[in-house]
Structures are given as structure tokens and as C-alpha cells.
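Before any questions on binding or motion, here is one chain by itself as C-alpha cells, the form predicted on its own.
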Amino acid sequence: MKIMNKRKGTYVAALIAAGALLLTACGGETTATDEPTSTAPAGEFPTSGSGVVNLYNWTDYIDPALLEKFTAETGIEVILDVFDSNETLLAKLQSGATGYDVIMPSDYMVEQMIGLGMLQEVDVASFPNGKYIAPEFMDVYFDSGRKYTAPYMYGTTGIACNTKLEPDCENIKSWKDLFTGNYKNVNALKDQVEIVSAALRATGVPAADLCTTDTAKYIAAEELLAGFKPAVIDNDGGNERMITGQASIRTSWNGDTHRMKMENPDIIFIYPSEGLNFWSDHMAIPVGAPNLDNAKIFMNWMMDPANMAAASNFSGYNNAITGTAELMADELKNDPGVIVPEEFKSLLSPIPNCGEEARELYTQVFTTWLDSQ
């Protein structure tokens, strides 16, 4: 039995205490010198090249214009492939896919992949732009000292609701309200960790016990989910369905909800009272990457504050690179779904990274739920 690593709780508590959930903290002024200086000997770190870098990223998570800018500045073409969940990413690599140079796993998946020997140790902290990594994101539980990963975006997972189409939005205050409300035109993420952990929370399981191996708790979660029948269960296309009104409620990542709101101001982000997952996504180089230097160049280039700010403005999420706040859109900095209000910060807890037994129970509950739709 592997209960949630205590370091994860410390990690989130430190972020909250330091104000890292505010753009002015993670994207604030850096104390580093204006000109990046590499800790490596001059000329050792590659800065330009040729050929390609094969990026495996979440769907609709990086601005195509930013990739074009990278190519223009470095001479390296980006070949983009996309996935819809951490489990899809892991399965793809475990099946033998070796053509990727940079991948984008979430924090808990980084820890799993390091344990499986799937990521290259490239000492990201020593990259020229490694100095821009916010201090509170340096010694993280899944990659202390940033030996394997460079930070990308971070956020939370809650509920998006269209107040015009669903008058009852103001009464949806919890995961239990959502799962038992028999609402119409509901969409849900196709993500077993998000769905099952939310169901566990809704049935009374505390955040510290979300990796329990007590089967009775999973049975209760399964029974609760049995009555939850979303019209669509999919990670892709959900933003568009909410924007156009095809869906009125959705389990949603906060950055995605921000992007919805920019096109449909009737949409709000709800912080469920039982708590919600705090997660972060990261750039890593898988073992066997065919273009190692190009992968390093890409990761270092992305850690430039101007480039990461552009990535945040496109994705709708906060980032862990200092010096970006003044470059971010005001709409992003003023969104309470992105900038967590004080009264909701205590609800955040790390996305669970469970041991094998608990992961199997998550899979069983999720598969049963999907099969019942």
C-alpha cells in the first residue's frame, strides 16, 4: 500500500504559502541578471541546429505560432503529435514508440517514468535558462533539483458551468452535487485519475487518502458514478462544446475554462467543496530520443520568459518561470479561476500518484463507469 507521498503535501503547501498560485509570484521579477548565462563552459550548450524536434504534447496546449517562432530562431522544425491523457502517453512509450524527443507528462507521471527508467537525466537546472525556474518549483517531489524536467504549465481541475444555459450553476458547490444532480448536457474528462479521485472525494475520502487500497471506498465511488451519465466523455473538443452551448457543464481544467470564458463570458469555474487536484505539466526527454541536442534547445528556448509567457497566454494556465507576469494578458491575471482566491487555496491537494494496487482499483472503477454509459 502506497499512501500519497508526504512530500507532495509539503510541495503544495509551500506553493500556497509562497504565493506561487498567483501570477505575480510565479511570473514575477527575477533576481537573475538580464542576460542569461550558462553554467556550462562557453559553446557547450547547443543554441541552434537543423533537422527536427519531435514533440509529444497534450492536445491544443501550445500555440502553433510559438512553434513557428522557434523554428525561425533556431532552424529546427517542430513535428507535433498529441495525446489526451497521461496514461495514453505512458502506454504509447511502453508500446515501443521511440521517435519522440520532448514529451509533456504531469508531475505524478514524471515520478512514475523516472522510476521506470524512461526519462533521460539531462540536468535541466544547468541549462542557460534554467535559472528562470521559480525557486518553489525547483526541488519538487517528482524531480528534486530538476535533473530530468523543465516546468511548463500548472493548474487545477474543477467544474465549468454555463450560467445562462444552466440556472442551477450557483447551487453546484461540490463533486457530489455534480455527480448526483442529473443535469443535462454534461461533459466529462476522459481521465481516470481525475474522475475517480473526484468520486472518492465526493464519498468522503480525504485528500491524504486518495491512494487508499480499501476496496470498500472504491465500491462507494463506483456506486456514486453509476448514476453520472455525461452526454460526452472526452478530453478533446470540450472547450468548443461549452463555448457553443452544446454542453452546459463540464469537468474541466481551469486553464481550459479560462479559454472558454474568453469566448463565452457566461461560463464560470467552480471549486468543489470536497477539494480538487493541483497538477503541473513538464517537458522531459524520453530515453531513446533521436534528436537529443534539438530537444535540449527546445526545452531551454521554452524557458525564456517571453516564450513561456506566450505559452501561458495561449493555454490559459499559469507557469513556473520567473519574469513572465508583466508579459501575460490582463484577462489571465484577473481570472479567479486561474488566480486561486484565498478562500479556495485550502481545497487544493496534489493529483494522486498511487502505487500499483491503487492504480488498478482506479482503472477498475473508471472502466466500469465507461462501460455503463
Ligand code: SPD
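Quantities reported herein were computed from a predicted structural model and do not represent experimental measurements. For every residue, the number given is its place in the sequence shown, counted from 1.
The same protein also has a form predicted in complex with this ligand, omitted here; what follows describes it.
**Student:** At 4.5 Å by heavy atoms, is each residue in E166, A247 and Y271 next to this ligand in the predicted bound form?
**Tutor:** The answer is no: none of the three residues contacts the partner (heavy atom, 4.5 Å cut-off).
**Student:** Can you work out which of W301, Y183, W279, Y218 has a heavy atom no more than 4.5 Å from this ligand in the predicted bound form?
**Tutor:** If I apply the 4.5 Å criterion carefully, the residue I get is W279.
**Student:** Out of N294, S252, T149, N86, which one falls within 4.5 Å of this ligand in the predicted bound form, going by heavy atoms?
**Tutor:** Comparing distances to this ligand in the predicted bound form, the residue within 4.5 Å is N86.
**Student:** Heavy atoms within 4.5 Å of this ligand in the predicted bound form: which of the stretches 204 to 212, 279 to 287, 117 to 125, 95 to 103 has them?
**Tutor:** Among the listed stretches, the partner-contacting one is 279 to 287.
**Student:** So, F70 and this ligand: in the predicted bound form, are they within 4.5 Å at any heavy atom pair?
**Tutor:** Outside the cut-off, so no.
**Student:** So in the predicted bound form, does any heavy atom of I351 sit within 4.5 Å of this ligand?
**Tutor:** The answer is yes: I351 has a heavy atom within 4.5 Å of this ligand.
**Student:** Is D256 close enough to touch this ligand in the predicted bound form, meaning at least one heavy atom pair within 4.5 Å?
**Tutor:** D256 belongs to the contact set for this ligand.
**Student:** Please tell me whether any heavy atom belonging to D60 falls inside 4.5 Å of a heavy atom of this ligand, as the geometry stands in the predicted bound form.
**Tutor:** Yes - in the predicted bound form, heavy atoms of D60 and this ligand come within 4.5 Å of each other.
**Student:** Since the partner is left out here, which residues of 170 to 207 would have a heavy atom within 4.5 Å of this ligand in the predicted bound form?
**Tutor:** Residues within 4.5 Å: D191, E194.
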